[in-house]
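One chain comes next, on its own, written as structure tokens: the form predicted on its own.
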Amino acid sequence: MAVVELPASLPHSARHMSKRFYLTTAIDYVNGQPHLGHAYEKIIADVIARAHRLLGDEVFFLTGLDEHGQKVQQAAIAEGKSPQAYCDELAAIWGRFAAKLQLTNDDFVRTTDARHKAAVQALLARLHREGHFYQSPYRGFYSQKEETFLTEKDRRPDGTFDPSYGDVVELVEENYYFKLKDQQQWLIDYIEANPEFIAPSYRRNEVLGFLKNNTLEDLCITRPAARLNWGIPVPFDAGYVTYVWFDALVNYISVPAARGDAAVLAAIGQAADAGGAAVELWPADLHIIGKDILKFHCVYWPIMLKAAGLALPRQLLVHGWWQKDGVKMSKTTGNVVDPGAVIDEWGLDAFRFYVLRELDIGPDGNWTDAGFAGRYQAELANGLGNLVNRSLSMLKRYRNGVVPARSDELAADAGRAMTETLTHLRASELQGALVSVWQLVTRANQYVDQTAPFKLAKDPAQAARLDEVLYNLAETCRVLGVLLQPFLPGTSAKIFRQLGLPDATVPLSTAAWGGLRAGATIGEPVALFPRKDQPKK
């Protein structure tokens, strides 16, 4: 897990930084093992973070774990462990998962962190002082599985509740409530006035439909400590702990607070660390979430931020779910995809490529093992891998690996791919960016077939023409290596090494044509994506 810890004290000149591009994933609930959906969300965020760094932005990428709540308490008790010990064990598993994905996150939050607890309690105290909460008795139904209260509207026609809620019990208890109703029209107006706030547009329409067709209920933000003690204590009433979702959402500002973000510290009434680094993060540029938690992020969170006097995040980017072979994934039936096993067999870059190329951000996707193998063979092994291998092998064979003089036959194609890819990346359109890159891969493979350099090499009179072809192919490989850095970082490094270039990351702007110097010597060509034998049908 690539967590970059800033030192406790920095030189004065380093304390005043410009606003960073701040993006987050949802924090994962530690009541289970990581699965494909978790991997997909993390990879989306990692690609966007890498892309913005390579576009010249200072980036802060946050991910982490949600560790409180009734489900965690019950699971820990069932295993004979304390909730904290249970969470610590699972946090280690999730940390290894992030490392397996080679995420470039700058911080990793756990809601059991002291820094997070302090921010949650500071926010609760402020909102309570300013009259945003009230105490009221509640009589009704409660889903322990979803940790949420249910109303009559949640019942099915026969009076039962959907099985997705698990065991539903009737409760009678007092709790504190956060006033949401009064902000319903404000939120509708805000979303309509800021069409980019929720993307894709059909998720925005889904939220607006909910807000316009339902009366917003006030949010219960506590649980009695007598019933649930695994949570952040409420600072103004020792008899309660904080509702897990109110707690979890605050992670997006608790880390900026811990990092010295002045706007967040002022909003929640925390003092800055006099010797710490001041990092400007808020507002978040991008919250990347799954479609199942729309209401929490698009309704509760904006109203919480407004109450605290903080700006809203610039965009909520909502992705869909994965199925396996057209069916919902289920551990019970064994119909699952283990990201770790796929990475071990096919490589991390192949896994990253498939989930990004197969599924655009927004709709649901369908994983098939045959589809994965097909994309690997056609687009990675036979497409990109074959292009790089034969291009550099011919340069090695015909010119002893020495780059010829510059030629610009593929410059326009490469320039188009660069422009389109960067435009897509700035808009977080990852599938579109990969399509643009692969158009260049296809064009270059066609160029090999059209120019037939292996035939030119047999005719000494065609030496100059062969030089032109070999330069165009080698330079196209370099351009592809640059453009693929956010998506396939390991593959990009291999391409650079084979070209005899340093394998360090370089700005995406260096994909401009002509970067390969005449007279330079390339390295040894090696297969990027070894072909795999496919099972017979």
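Residue numbers run from 1 along the displayed sequence. Remember, predicted model here, so these are calculated numbers, not experimental data.
There is another form of this protein, the form predicted in complex with a small molecule, and it is not shown here; the text below is about that form.
With the partner omitted here, the residue from Y398, Y354, Y165, W321 that has a non-hydrogen atom within 4.5 angstroms of the small molecule in the predicted complex is W321.
Checking Y300, F178, F97, W245 against the small molecule in the predicted complex, a heavy atom within 4.5 Å turns up for just one residue: W245. Each of D28, D66 and I289 comes within 4.5 Å of the small molecule in the predicted complex, counting any heavy atom.
Taking non-hydrogen atoms only, E41 approaches the small molecule to within 4.5 angstroms in the predicted complex. For L249, a non-hydrogen atom is located within 4.5 Å of the small molecule in the predicted complex, even though that partner is not displayed. Under a 4.5 angstroms non-hydrogen atom cutoff, the small molecule in the predicted complex has G37 among its neighbouring residues. Though the partner is left out of this view, A381 does not reach within 4.5 Å of the small molecule in the predicted complex, counting heavy atoms only.
Shown alone, this chain has one stretch from 251-259, 136-144, 214-222, 400-408 that lies within 4.5 Å of the small molecule in the predicted complex by heavy atoms: 251-259.
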